[in-house]
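Take a look at this one chain, the form predicted alone, written out in structure tokens.
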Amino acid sequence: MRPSGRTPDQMRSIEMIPGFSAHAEGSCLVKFGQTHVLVTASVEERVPPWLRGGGKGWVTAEYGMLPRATHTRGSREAAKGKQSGRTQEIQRLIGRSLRAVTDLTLLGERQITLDCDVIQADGGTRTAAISGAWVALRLAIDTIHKATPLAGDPLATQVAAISCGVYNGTPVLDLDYAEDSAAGTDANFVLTNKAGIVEVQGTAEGEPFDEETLLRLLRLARIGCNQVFAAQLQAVGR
């Protein structure tokens, strides 16, 4: 039995609230159970220096956690003067995941920055951030298109992410903190709605896992991401 009482293939409740921020070109408050992440997409009519004149845009991300997103207060990284290795790794993952499904040529010489701020954490903050970031990016691109029609849709493919793991010997979907902290295997899957795999992060916290376990976790991830894809389309009115 899982601590939450869920079945092995049962997700936490998913909620995506589009347009949560009044000022950003695109935004989404995403909730995977008690994990809540606010994602805002900001559009700039410029690209980094190394891309100037190339006719391509750029999508990047930043990630952070509010001090009381967890059970005890964490110090603000800005006060420390540097980001942790975990923060840098997660924001790079978010950026890679969204660029993998974005046609940067169709975007034109624009940069879209996705700011992912964890309001409340209960496991799966990076996967919730990626899933909500697609909604914010979709809305930002729609905002661009309304002002200056694009030659085509730069974001024709969806991307979502979900965590899976082995808890008490059983592969389970969408780990919350209680499961994540005790999992024998912990994995994050970034998948597209066209059956593509963008990234897989898998770690044996206890004994090594075998190929069949990895495939079972992937099958669970597809079940979960299909639910996220549906929630994304509902959020953006598709």
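The first residue of the sequence shown is number 1, and the count goes up from there. Only a predicted model underlies this, so the values are computations on that prediction, with no experimental measurement involved.
From this point on, the text means the form predicted together with a further copy of the same chain, which you will not see here.
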Is there any non-hydrogen atom of D153 lying within 4.5 Å of a further copy of the same chain in the predicted complex? no
If you check in the predicted complex, is E89 within 4.5 Å of a further copy of the same chain, heavy atoms only? yes
With a cut-off of 4.5 Å between heavy atoms, is I144 one of the residues that contacts a further copy of the same chain in the predicted complex? no
Taking heavy atoms only, is L139 within 4.5 angstroms of a further copy of the same chain in the predicted complex? no
Assert contact residue (a further copy of the same chain, in the predicted complex, non-hydrogen atom within 4.5 Å, options A230, I223, L215, I17) equals L215
Partner-facing stretch of 71-79, 160-168, 144-152, 128-136, counted where any non-hydrogen atom is within 4.5 angstroms of a further copy of the same chain in the predicted complex: 71-79
a further copy of the same chain in the predicted complex: within 4.5 Å of a heavy atom of each of A22, A121 and T203? yes
For 110-126: residues with a non-hydrogen atom within 4.5 angstroms of a further copy of the same chain in the predicted complex? T113, D115, C116, D117, I119, Q120, A121
